[in-house]
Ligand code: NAD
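In structure tokens, one chain follows: the form predicted alone.
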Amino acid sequence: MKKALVCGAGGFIGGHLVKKLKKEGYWVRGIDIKNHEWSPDAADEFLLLDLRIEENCRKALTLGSGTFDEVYQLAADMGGMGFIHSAETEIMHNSALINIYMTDLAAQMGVPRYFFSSSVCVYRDMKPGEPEMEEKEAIPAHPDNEYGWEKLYSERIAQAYERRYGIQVRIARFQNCYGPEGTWMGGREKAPAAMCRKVAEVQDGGIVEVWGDGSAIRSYTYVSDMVDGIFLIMHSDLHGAVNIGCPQYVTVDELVDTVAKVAGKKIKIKHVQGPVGVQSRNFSNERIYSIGWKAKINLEEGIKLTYPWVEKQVKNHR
């Protein structure tokens, strides 16, 4: 039985990845600074550890005998656009420490395969309709936020250790991921969860506030597609960063309209001041297509799977 370590297993994507690995027959140890709120018993073993501390990273990587076959490093200090723009120092300090210690120790302790979760935030701002950008075009770099700069630096760390130690590194740049069992309130939630919550909170005909003018363009990837992509990339021969994303681009207003349609509500959008981020990012997915992955779930189908779960949380929270 293969053994896998999932760092960030108390988070949204990490929690779903644990379930994916269990279905594939792995023994899984999960690590996080907090328990998973909705699936606390998914992993075979779960350790509460702060991976900003080097010794805790060593504990996470230590098995009674031998080493982990695979390490998936998803632990990070992150959240939605509001958090990314208000917590720059926390993001750069906390996530950089985690990645410096985890990459160094995994390589030194002989881990054969190491996955690092990066982000499309490493790319520059783009205009709608620009040609899709390939992974190599992230350099020369011009991310619009510090979250993207930290991710790019941590990619370089992982690749340097691959060259020095021979550890097989795989890197995925995530596009916006959504689905059930994710953060849905409190300031760290991503746009799909936030819009599901806002629509669930208002009556038919109510008003939903949207930051900016609603024209920013995004691509949203359903979580089952995301974890399938992670697993395929980890077991592929693709070196360097690989984009994972659904090629369906929508404006933020179109996202809200999709949520309202699924909810069966008519809503009014009120545009307000707030952090928006880039106007658009258009990415090539040809690298991940080359290993047989394509997004299976479009936005409306994904919202149909996500909205009822968020609506239930809203009702239970009242």
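For clarity, every value in this text was computed on a predicted model and none was experimentally measured. Note that residue numbering follows the sequence shown and begins at 1.
Quick note: we don't show the form predicted in complex with the named molecule, though the next part is all about it.
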request  = Just give me the single entry in D257, D69, D50, D44 that has a non-hydrogen atom within 4.5 angstroms of the named molecule in the predicted complex.
outcome  = D50
key: Heavy atom within 4.5 Å of the named molecule in the predicted complex - residue from W184, Y114, Y123, Y147   = Y147
remark   = TL;DR on 74-82, 137-145, 161-169, 103-111: the one with heavy atoms within 4.5 Å of the named molecule in the predicted complex is 74-82
query = Does any heavy atom of F174 come within 4.5 Å of a heavy atom of the named molecule in the predicted complex?
reply = yes
query = According to a 4.5 angstroms non-hydrogen atom cut-off, is S119 in contact with the named molecule in the predicted complex?
reply = yes
key: I98 within 4.5 Å of the named molecule in the predicted complex, heavy atoms   = yes
request  = Look up in the predicted complex whether A295 has a non-hydrogen atom within 4.5 angstroms of the named molecule, and give yes or no.
outcome  = no
query = Has each of G8, I13 and D32 got a heavy atom lying within 4.5 angstroms of the named molecule in the predicted complex?
reply = yes
